[in-house]
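Starting off, we have a lone chain in the form predicted on its own, written out as structure tokens.
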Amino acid sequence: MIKKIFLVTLLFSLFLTGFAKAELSIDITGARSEPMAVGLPEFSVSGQMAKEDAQETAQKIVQVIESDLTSSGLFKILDSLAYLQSFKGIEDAPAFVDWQAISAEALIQGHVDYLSKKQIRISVRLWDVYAAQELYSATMEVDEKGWRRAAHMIADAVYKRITGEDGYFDTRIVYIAETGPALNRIKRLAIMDQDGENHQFLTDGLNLVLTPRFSPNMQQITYMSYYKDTPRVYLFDIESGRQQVVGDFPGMTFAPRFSPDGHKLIMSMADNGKTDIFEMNLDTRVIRQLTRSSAIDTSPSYSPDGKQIVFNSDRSGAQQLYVMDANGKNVKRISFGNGRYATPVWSPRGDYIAFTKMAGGRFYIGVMFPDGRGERLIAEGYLVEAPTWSPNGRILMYFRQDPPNRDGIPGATKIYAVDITGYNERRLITPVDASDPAWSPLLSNR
């Protein structure tokens, strides 16, 4: 069972000043730019806790904020040895000349107040150094275990205020944890924060599991599992740890995925030598067939408004991407490049479709517009597969498998993330081999 990390009281107030039209911003929709220089001094501390313990918590909060912002590739935290000012409290005014002297463009000032041994108040202010103006301030009260999530929320707030886009740091990743020899691989569900922390295994590995996907409300995960060699679609409740069978289906069932409203599952099912796409209403358990062709139609994914579905099919003779209305009508092919296309997934923003491409003996992760224009390949390798979007639609996560060794033993599988420009690729550290990641919605939007 997942331990729920919650905010006892959340007073997250965003006070935008008259600087709402300030020039301090980053355009993340265009070409790559140099990261913004940010000052992030130690948070000041006070309250009912030994100063050393309070300072340790404050330092950990700063470290998480720094890690989040740096990992985005958009921010560069300046070396603390260069700082000319420290703060004794949240009300202390910044000496902007001192921060300008080290070329800081933005400044994050914070304070941690221990209200009791089990509850802390975290205050933060974001400043435009050259305009000498406050961009926002926030205060939140959390329990003793909530400091890490609070740090992610602060990083999200900074990201949003500077870029104008929602952040993605206060999120989770569910994935397939892989252990054991190649011919007897154990695959379990696992979950972690987007930075790899708070890792937990969700299933025991007795049954093979595949293709986990989050529900829009974050409460459930749908996935495939083989029970007594029979493929079944399951729902896993994150809070309680309970799982239930959605239903037994004839033939093979593949890659279930939630609709944007969370009331339906879409999946492909193979029967009598052909594979079609089906939709199940989770409230009534009524199943509706959406495609009827002699081809293999699989890997469906809804558009964020639920009105369309992208999928891959070999109905044209080669594996390509298609878009259709949510009722299965008006099917239109959108990919026409060389190679084979697979695992399409629609961006939460609706502006791109990500996919896996196989061409020339290599695998690629790419994006294109929903009408098929503007195809760009942003990651490649011996085997890269299963793209999943950050909730703000600006980062893609996927898994990469290394080539086999000289004895033919398959290489390790690892999870990576890259922004949609193709820059800032980074690996997420997991305790075991990892594949098929799925990104949650923003936790603070629940």
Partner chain sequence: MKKRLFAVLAAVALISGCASTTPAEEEDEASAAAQQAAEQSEAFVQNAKDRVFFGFDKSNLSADAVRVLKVQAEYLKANPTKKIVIEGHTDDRGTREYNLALGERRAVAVKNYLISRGVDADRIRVISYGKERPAVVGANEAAWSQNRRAVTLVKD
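Just so it is clear, the structure is predicted and the values come from calculations on it, not from any experiment. Numbering follows the first chain given and starts at 1.
Separately, the form predicted in complex with the partner chain exists; it is not shown, and the next lines address it.
> Among 372, 146, 231, 339, which has any heavy atom within 4.5 Å of the partner chain in the predicted complex?
Going through each option in turn, the one that passes is 231.
> Considering 335, 109, 299, 194, which brings a non-hydrogen atom within 4.5 Å of the partner chain in the predicted complex?
Going through each option in turn, the one that passes is 299.
> In the predicted complex, which of the stretches 218-226, 233-241, 110-118, 82-90 has residues with heavy atoms within 4.5 Å of the partner chain?
Going by heavy atoms within 4.5 Å, the stretch is 218-226.
> So, 51, 122 and 142: all three within 4.5 Å of the partner chain in the predicted complex by heavy atoms, or not?
Checked in the predicted complex: no contact with the partner chain for any of the three.
> Since only the chain is shown here, I'm wondering whether residue 295 would be in contact with the partner chain in the predicted complex (any heavy atom pair within 4.5 Å).
Although the partner chain is absent here, residue 295 would touch it in the predicted complex, with heavy atoms inside 4.5 Å.
> Heavy atoms within 4.5 Å of the partner chain in the predicted complex: does residue 314 have any?
Taking the distances in the predicted complex, the answer for residue 314 is yes, it comes within 4.5 Å of the partner chain.
> How about residue 271: is it within 4.5 Å of the partner chain in the predicted complex, going by heavy atoms?
Answer yes; at least one heavy atom of residue 271 falls within 4.5 Å of the partner chain in the predicted complex.
> Taking the shortest heavy atom distance, is residue 383 within 4.5 Å of the partner chain in the predicted complex?
Contact with the partner chain, yes.
> Output the sequence-ordered list of residues from 343-360 with at least one heavy atom within 4.5 Å of the partner chain in the predicted complex.
If the 4.5 Å heavy-atom criterion is applied to the partner chain in the predicted complex, 343-360 yields 343, 356, 358.
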